[in-house]
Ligand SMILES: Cc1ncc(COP(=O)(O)O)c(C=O)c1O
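The chain that follows stands alone, in the form predicted on its own, written as C-alpha cells.
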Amino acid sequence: MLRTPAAVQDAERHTAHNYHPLPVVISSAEGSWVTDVDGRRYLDCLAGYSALNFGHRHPALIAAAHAQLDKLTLTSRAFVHDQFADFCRELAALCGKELVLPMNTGAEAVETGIKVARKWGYQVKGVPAGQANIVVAEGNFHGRTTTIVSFSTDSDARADFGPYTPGFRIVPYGDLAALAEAVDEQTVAVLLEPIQGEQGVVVPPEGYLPGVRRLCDERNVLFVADEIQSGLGRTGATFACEQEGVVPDMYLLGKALGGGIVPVSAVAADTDVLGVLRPGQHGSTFGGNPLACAVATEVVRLLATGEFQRRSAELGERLHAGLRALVGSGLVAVRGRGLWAGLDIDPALMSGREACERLMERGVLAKDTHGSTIRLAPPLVITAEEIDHAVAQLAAVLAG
C-alpha cells in the first residue's frame, strides 16, 4: 500500500480537492528528472501536460528569466515595454501569421479565440447579432471556464456548473460528414484539437484535418486549432496541424510557451481575423508582461532552430516502437505522435490510476485519464536511454 507523505496530507487539509495528485512531494528538478523531499529521483513522463517541453529549468530559459527579473516584471498593457515587440514579432513568424495576442493561460487563449471568432462572424461574415455558433468535437478538452465546460462532454468537467453558455454544436471527433451537417450560415468557427490530449492522445483519421480545412474554406468559417498541448514541438513538428499539411486560421497556444517558468498563452492569426479587436474590447493585466515575454521569446528561439522538433520526431519513434511491443502483454492499444502517447491498459489488469501509482513506485511519473488509459508526454530533452528505462518500467508494471 502506498504511503501518503505528510506534506500531501497537509495540503489536502488546506486546499480545495480539485486535483487528486499522486502521493509524491517534489522539491527540485533538472531536465527530465524531479527529486522528492526524501531525495528520491523520478523520470518525469508528464512534463506538466506539455508545459515542460524543454525540461525542468532549461538553462537558456532560466537565464532569460533571471535577466528579466533584475530589470522589469510588469507594466500592464497600459504601456509598451521593451520585450513585447520581439516576442510578438518572433512568435508571429514561427506561426506564419501576422498578429499575436498574448494572454496567460490556455483557457484564456481559448476564450479569446471564441470572442474573436464571434466578432469576426458579426463584423466580417455578416452573421446576424447574437446568432453565431461554433462547432466543436466530442471528447474535447479546451479548459474549464464556464463557457468552455458548456461544450464539454466530460461529466466531471461539466456537471453542476450550469446554466451553460449557448452557441456551440458538438459533433463526433473525426467525422467529417457530421461536421459538414452541423455547419450552417451562422457558423463562425470550427474549434478542434488536432490531437485530443485529455481524451487519451487521440489522433484523428487520415484526411480529417485537411477535410476540415476544405470545409471551412467552402463555407467561409474560421478553422481554430487548439495547439495548447499538441503544439510547440510535442508531436515532432512545430504544430500538429503541420504534419497533416494544414494551416488553420487561428492558433491557440499555451503551456510550453512559458517554458515551465511562467504562464504564457497566445492567439496567433492574420490581420483579417485578429484585426477585428479594438482597444477596450479584450485584455489582461498580466497578458504579455515583460517577464513572460522574455521567457517566451527564448522559447520561440529554441523552436526556431528545429532541434526540439527533430528530437521529438526521432525519439518519438523509439518510444512508440517500445510501447507497441507491449501490446498484447498488458497494453490493448497505443496512440499518439512524437513524444506523446496514450496507452490503453487491459482493464482486467488494473486501472490507469493504479498503473501510475505502480510506475511512481518504480521511479517514473505519468498521468491517468478516463479509466484504464494513461498518457506519456516526457520532456523533449529526454534521452534514448531514458525512454528505454521508462518503457522497461512500464513493462515491469504490466507483468505484475
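One-based numbering along the sequence shown. Note that the structure is predicted; figures quoted are calculated from it, not measured.
Only in words, not in the display: the form predicted together with this ligand, which the text now covers.
Although the partner is absent here, Q229 lies within 4.5 Å of this ligand in the predicted complex, judged by heavy atoms. The closest non-hydrogen atom of R234 lies beyond 4.5 Å of this ligand in the predicted complex. In the predicted complex, I114 stays away from this ligand, with no heavy atom inside 4.5 Å.
Proximity of G259 to this ligand in the predicted complex falls outside the 4.5 Å heavy atom cutoff.
Note that among 171-179, 236-244, 134-142, 201-209, the stretch whose heavy atoms approach this ligand to within 4.5 Å in the predicted complex is 134-142.
Shown without its partner, this chain lists T105, N289, S152, T187 as candidates; in the predicted complex, only T105 has a non-hydrogen atom within 4.5 angstroms of this ligand. Residue in contact with this ligand in the predicted complex (any heavy atom within 4.5 Å), chosen from V110, A296, A266, A269: V110.
Residues of 253-276 placing a heavy atom within 4.5 Å of this ligand in the predicted complex: K255 alone.
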